[in-house]
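Below you'll find only one chain, the form predicted on its own, shown as structure tokens.
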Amino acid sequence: MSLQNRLQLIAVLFACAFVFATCNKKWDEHNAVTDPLVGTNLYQNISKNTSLTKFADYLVKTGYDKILASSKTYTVWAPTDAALATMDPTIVSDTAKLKLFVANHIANQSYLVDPSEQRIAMLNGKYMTVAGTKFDSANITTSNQYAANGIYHVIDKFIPRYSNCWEFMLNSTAAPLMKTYFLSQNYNFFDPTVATQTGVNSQGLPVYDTTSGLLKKNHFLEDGLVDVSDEKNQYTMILLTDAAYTTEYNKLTPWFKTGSPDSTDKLSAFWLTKDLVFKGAYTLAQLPDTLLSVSGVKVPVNKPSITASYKTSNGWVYVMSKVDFTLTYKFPPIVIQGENPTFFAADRTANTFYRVRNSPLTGQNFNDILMQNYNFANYYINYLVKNVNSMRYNAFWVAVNDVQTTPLWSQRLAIDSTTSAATNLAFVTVAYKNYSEVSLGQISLTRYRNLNLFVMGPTTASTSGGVNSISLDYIKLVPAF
């Protein structure tokens, strides 16, 4: 290449480099953030907003100005000065209360306005429902205001720090008898993970200060199917006035006869209260005429019987002067599946079949158990049914014989004992291809207890012909009030 050509090539390369650099600079200028507020932190931006002077002042009083000036990312829902004009002055003058209030409007991480509903944890441990331009019951009037360490939104009302459903009940005087029962379920629990270690014993195991590791727990919250102290989820809770509580409690006590009045009382109280808490937050306008408890019990809701309603941090609490439970809803039939036995009279694995069948009555598949030619007189399959109420039951079963038309075998249901004539129901012939429920008779329990049921086969032993057979889809015990 000649010298002249080389010089021309160098000139072209320089020109290209200049054009590229110029374009790149213009592109950088195009993408550069021009909003000066993005370069400052959340506290600085909030304090510059002339409609948020009161909230900015509260941030300083509680020390949250320093938190919102840190490098961590936050979202703030800031009430306007107009919204804070009705703020309770006793909260403003109490630093601890004010701190909880301010933290009720701040969350970790950045949350832009989003149409989908979210439950967002606030810095005070409470959760807020945020959806679209709503922050709980407040409207977001100005949204997505960026800062170097997060986002803030302006809202038209403040949100108080509500108690949750459980906290409200503990602080309420509306339902003394219910409250007494709930408090009776408190117990102490030692947790070594929060206890102070004071030494090591001779086996090298840690020794703890038992006082520092002692926590208070509650059996109802643990055993009542839903934990209404949980802030993450939402609930509706009914509190009964003492008169209403007594009426419903008295309905239940006959079905919980035990060996002691104390255990009868606790069982009746638990059976009553467990169906007064529900998943989901229902406002008064949203309340249906019937709620379904977590245990599947239909609970009538007569709105004229609601004497008071309270919003909580995780739902709603209603005080009611009447909840007229229907016993048939409160005590549904007990169904015991045949394919889930507790034990057998003897090991006859080779003669036992766990089957899947299709019912021509329902068109649905079902599971059952079939035993044949097991060569054992008075053979039985046991089923343990726990926590059965003290009442009369009409007994039914579905036992499918789709294997033989002759001979037709017989089987019976025995209660508690395989030898007591007083508690054994009569033998029933298992008809060919009968998929319907068969009535077995009635049993009566004089006390609340666990119940042993036995499905018993013929009284003679055989190894052939299907004479020694037992089948069972399910047993159903229907309360007879």
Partner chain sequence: MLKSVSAAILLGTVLFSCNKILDKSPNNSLTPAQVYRNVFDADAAIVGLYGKFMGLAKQYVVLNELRADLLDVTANADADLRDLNEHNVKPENPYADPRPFYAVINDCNDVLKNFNIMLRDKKMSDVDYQQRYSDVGALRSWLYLQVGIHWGNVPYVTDPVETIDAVRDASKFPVIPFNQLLDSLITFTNSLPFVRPYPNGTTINTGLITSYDGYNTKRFFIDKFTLLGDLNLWKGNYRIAATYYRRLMEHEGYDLDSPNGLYTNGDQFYQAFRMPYADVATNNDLCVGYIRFKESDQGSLIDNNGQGWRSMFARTQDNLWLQQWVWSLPFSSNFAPGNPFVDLFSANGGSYLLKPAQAAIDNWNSQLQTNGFPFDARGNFSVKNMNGRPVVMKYLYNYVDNSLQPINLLKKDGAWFLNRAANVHLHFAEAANRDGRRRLAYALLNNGIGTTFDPTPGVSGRDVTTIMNTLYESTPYNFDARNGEVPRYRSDWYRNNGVRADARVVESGVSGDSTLSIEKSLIDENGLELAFEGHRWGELVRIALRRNDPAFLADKVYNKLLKAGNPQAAAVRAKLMTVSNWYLPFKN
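Positions refer to the first chain, counted from 1. Model, not experiment: these values are computed from the prediction.
This next part talks about the form predicted in complex with the partner chain, which is not shown.
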Using a 4.5 Å heavy atom cut-off, which stretch among 139-147, 324-332, 365-373, 309-317 contacts the partner chain in the predicted complex? 365-373
Is there a non-hydrogen atom of Asn358 within 4.5 angstroms of a non-hydrogen atom of the partner chain in the predicted complex? yes
So, in the predicted complex, is Thr349 in contact with the partner chain at a 4.5 angstroms heavy atom limit? yes
Please determine whether Phe353 contacts the partner chain in the predicted complex, using a 4.5 Å cut-off between heavy atoms. yes
